[in-house]
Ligand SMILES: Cc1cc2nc3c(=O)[nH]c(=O)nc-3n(C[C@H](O)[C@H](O)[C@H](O)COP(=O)(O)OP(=O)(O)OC[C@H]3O[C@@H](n4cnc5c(N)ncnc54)[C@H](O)[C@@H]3O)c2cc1C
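Here you get one chain, nothing else, as structure tokens; it is the form predicted alone.
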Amino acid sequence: MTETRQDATARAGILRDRPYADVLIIGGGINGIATFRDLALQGVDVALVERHDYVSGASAASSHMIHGGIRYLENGEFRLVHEAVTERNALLKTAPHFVRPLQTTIPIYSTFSGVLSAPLRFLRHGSGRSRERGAALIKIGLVIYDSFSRGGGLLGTGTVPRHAFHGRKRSLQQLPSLNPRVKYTATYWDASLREPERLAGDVLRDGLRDGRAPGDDRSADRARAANYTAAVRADDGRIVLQDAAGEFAFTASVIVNASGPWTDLTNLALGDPTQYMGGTKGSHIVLDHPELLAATGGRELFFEHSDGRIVLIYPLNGRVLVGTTDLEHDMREPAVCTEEEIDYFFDLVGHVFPQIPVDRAQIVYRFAGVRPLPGHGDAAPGFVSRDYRIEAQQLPGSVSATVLSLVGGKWTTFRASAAHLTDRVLEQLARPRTRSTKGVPIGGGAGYPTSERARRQWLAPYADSIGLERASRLLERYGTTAASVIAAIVADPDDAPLRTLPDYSTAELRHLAATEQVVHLDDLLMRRTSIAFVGAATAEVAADVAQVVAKVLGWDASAIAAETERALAKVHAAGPRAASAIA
């Protein structure tokens, strides 16, 4: 059943209508949302709140990869790498609409560099300065990585291809624009994550569905979620929440702090200061650069820059994603992609493709976020552990409520970390686990056609109503939940291509606004679609989209203008140059 706009409006106040649950999750990033789904699947009465929009913090600033983390081997994090590879392989099957195999190539400029310093980094977890990794060290890492990856079925063959090493001649034949100084290339397989925000939305909607009460009484739902609702403090053993209507108290037996890099600030607000976190900032830029896109040969280039940072050049959605940095950051300050970081990105592109010029005019989007890493003392940012743990404490003012804080967590391992959190919650509630999330399809990944024959069979019923080409585009965009989008399009007599962006239609956008808890225009441009990511969120497009969804969201002319201005500010908020482009 598709949730209507009336349902979404009612859901916004549903926490007030019944201000208690067994579990309250604070934080609507991927880890909080995945824990929400897992608990809903167990039949637990669970509520989730997110201060801003879902997946608008650290989870929105990822490198769009689902990967095992080959470089974590150097830190000795074998458990994490094994778990991440296992989860990567599972996501290729449970979320094939958004998670796809990704051929990854490492350009290598030396043979033995880093071999002597690697054991020191292993023993001290990177407290010293990084050295460039040569072919011998990369070969060792890939052999170990292969041993973790076998049997994953990445390419539908039942096995994951082993890595391949090539010398300069073969490397330049395959990737002619590579720096001619390259000595070797190493190629292996990981996975891409095309639409992280949409995948997280699918996980959220699965949780809402699994916790839905029979009939139409939404107040009886076991799983409830509200965006733009903040946990502001604890008061006499209850959590005080704040939404657009003001403050209200909410009671829960277990509070899950899944606020990522803001975990310590959340605990401080609840009255129990902690020093668990030590997140580092990572920035990215997105380039509209056909020559660079072609030079990648459809592969991710994953390599070590001259300063020892691991960086990437990655073809995605017809654009090129370049990242990332790894810088210390104060969570009391906003994370923005700076001009210095852009200079750094241009330098690293020149390091790999020296004959391909890049400039700021080709940047169509930029974003930055803070990784939810544990505190790391004097360890170099690039060598901070990417593993996660769960910390427990008593809620101040309560004799029974427990706060469980997730420290760490990655996109790749979201299901596994959520399962660990859920098990701890169930232990606190003295309830057994009744179902596992292993192998459970996610959203539009359920029944997704993975062969050409299956794809043709799925599309065939829509040939007459909207045409095979459009149905195929929607299947690619939403997975099998495209069926509900198509139904909305067919039922809307006013459907038409968007005037300023005909790749989207008016009925499609109205459907998203009505069914996916959209509150602001930037929710739609940045997280329910990839309009902002590909650089299409111009002033004209933003105003056009606002006008199309205005009736659904109850916006008058003044609200349309305000939402357009807000959305453009959000889209371009990554740096001073981008901000000036609003005018």
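Note that the structure is a prediction, hence the values are computed from the model and not measured. Numbering starts at 1 and follows the sequence shown.
There is also a form predicted together with the named molecule; it is not shown, and the following applies to it.
- Judged by heavy atoms within 4.5 Å of the named molecule in the model of the complex, the contact stretch among the candidates 365 to 373, 445 to 453, 488 to 496, 208 to 216 is 365 to 373.
- Interface residue remark: S59 is counted as part of the site for the named molecule in the model of the complex, having a heavy atom within 4.5 Å.
- The named molecule is not drawn, but in the model of the complex it has a heavy atom within 4.5 Å of T266.
- A residue is said to contact a partner when one of its heavy atoms sits within 4.5 Å of a partner heavy atom; G479 fails this definition for the named molecule in the model of the complex, lying far away.
- Although the partner is absent here, A230 sits close enough that one of its heavy atoms falls within 4.5 Å of the named molecule in the model of the complex.
- Only one of A537, L524, A47, M65 comes within 4.5 Å of the named molecule in the model of the complex through a heavy atom, and that residue is M65.
- Just one of H284, R224, R88, H97 comes within 4.5 Å of the named molecule in the model of the complex, counting any heavy atom, and that one is H284.
- Annotation for 252 to 266: interface residues with the named molecule in the model of the complex are A258, S259, G260, P261, W262, T266 [heavy atom within 4.5 Å].
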